[in-house]
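Only one chain is shown below, in structure tokens, and it's the form predicted on its own.
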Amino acid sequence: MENKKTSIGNRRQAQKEDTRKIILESSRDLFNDLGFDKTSTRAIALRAGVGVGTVFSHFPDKLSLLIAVLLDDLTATQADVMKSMPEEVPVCDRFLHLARFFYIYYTKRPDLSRTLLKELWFVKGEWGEKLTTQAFEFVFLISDMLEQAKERDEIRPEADTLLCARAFFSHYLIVLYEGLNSPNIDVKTMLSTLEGLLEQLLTGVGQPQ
């Protein structure tokens, strides 16, 4: 009897996960096709083949759907980055490799990306915490790259790699905002700008002692 209950519970959980995946895929398609503002929760439910109440049972509002789509996409993009990450190259080259994948992701859908960056500041509650966690994971990934660079004597042994990673991340975001605000978005130009910023960061601006 217990095994039967467990089996039923597993099937229900699998069905729930499948429904969530369909809702997310439908949201992603409509956000890309219509934009965030013009996409209604009812349209998402219709595309997914579920009731509006089912959508709300998985996601409390449309903004949480947008965040969920973003987090899923960023997770998949990061997996692609790590599969192709060059190893024995300078840390700036490794970070530019990472940035390239994410810049391509955002610039393929500039209108939606602008909406993402506009809507996702200062999100509170559960979904705000998920965004914060993802950002910290990104910074920790950069910090690990810098630790490896420290082992290869690329950067000073006393350097605070977590602090430097936050600086890398800040430069990455500034270039992303500038790129998406440009009338002619160009990933190569964005990467060139980012490379210059990183080189300046690693060189420093203080007078030699």
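Residues carry their position along the shown sequence, with the first being 1. Because the structure is a prediction, the values reported are computed rather than measured.
There is another form of the same protein, the form predicted in complex with another copy of the chain; it is not shown, and what comes next is about it.
Taken together, P157, L163 and H171 are fully in contact with another copy of the chain in the predicted complex: each brings a heavy atom within 4.5 Å. Within 4.5 Å of any heavy atom of another copy of the chain in the predicted complex lies no heavy atom of E137.
In the predicted complex, another copy of the chain sits within 4.5 Å of a heavy atom of D153. At a distance threshold of 4.5 angstroms between non-hydrogen atoms, L197 is in contact with another copy of the chain in the predicted complex. The closest heavy atom approach of A167 to another copy of the chain in the predicted complex falls within 4.5 Å.
Stretch 121-129 is the contacting one of 82-90, 99-107, 121-129, 67-75, since its residues have non-hydrogen atoms within 4.5 Å of another copy of the chain in the predicted complex. Applying a 4.5 Å heavy atom cutoff to another copy of the chain in the predicted complex picks out L173, I174, Y177, E178, L180, N181 from 173-187, in order along the sequence.
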